[in-house]
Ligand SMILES: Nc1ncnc2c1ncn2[C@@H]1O[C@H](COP(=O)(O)OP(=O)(O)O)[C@@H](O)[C@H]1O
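Starting off, we have a lone chain in the form predicted alone, written out as structure tokens.
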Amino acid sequence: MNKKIICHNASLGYEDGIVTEDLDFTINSGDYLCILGENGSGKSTLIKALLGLKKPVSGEIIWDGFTSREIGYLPQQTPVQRDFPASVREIVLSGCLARCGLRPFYNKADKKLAENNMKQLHIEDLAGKCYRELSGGQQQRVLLARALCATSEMLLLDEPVTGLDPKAQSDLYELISGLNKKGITIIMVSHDIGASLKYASHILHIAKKQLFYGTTADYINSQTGRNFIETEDGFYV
């Protein structure tokens, strides 16, 4: 079954006005979608809508096969979160909380899932370490493993490489790409135009309205894409 999220003529905003409008796109299972746009363009509001935390002012968002609960979310980290005094294993396991329901404990399946995801992201040797003692790149791997414990269907990542050194950024992008190749749908909010063009299958570019949605190849050849690429990176495609 081809699962989809369909955003149909949606406008998003708050009581004091519309943030972004004319959103009309479809995310299919297996896609790797990068959401581009300047600060204040409505990306954060769109994240809330895709997570089912905010309803459109008009139009609709339809989860066809997916549910909003099947989205593993990796938000931007705050300084307080980076200093969280828990072990890597505890943080990764906490991604299973939604599975527990009324169970006041993790079962064997939860613990096995956490172990498998730590191995998948090459952090099993860090399981007993304190999270706040890790490097930024290691912390992001831990949070990615946690998100994978919440779902194996779709990951929504908000600027996941912010604050990481170039090597850690490259390593994390490769990990995310590898997850996508295994069938996990990726939605990534990013300011990194180079990585977006390298890894994404589709681009959604928004401002106060949708400027572009389509394949990465079509984006590169579009006027919107050309203008943005030139502005951001100083090169022409």
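Source: prediction; values computed, not measured. Numbering starts at 1 and runs along the sequence shown.
Form predicted together with the ligand: not shown, discussed below.
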query	finding
Interface residue in the predicted bound form among 170, 201, 44, 26, criterion: non-hydrogen atom within 4.5 angstroms of the ligand	44
The single option of 38, 64, 70, 31 touching the ligand in the predicted bound form, heavy atom within 4.5 Å	38
Residue contact check: residue 19 to the ligand in the predicted bound form, 4.5 Å heavy atom	yes
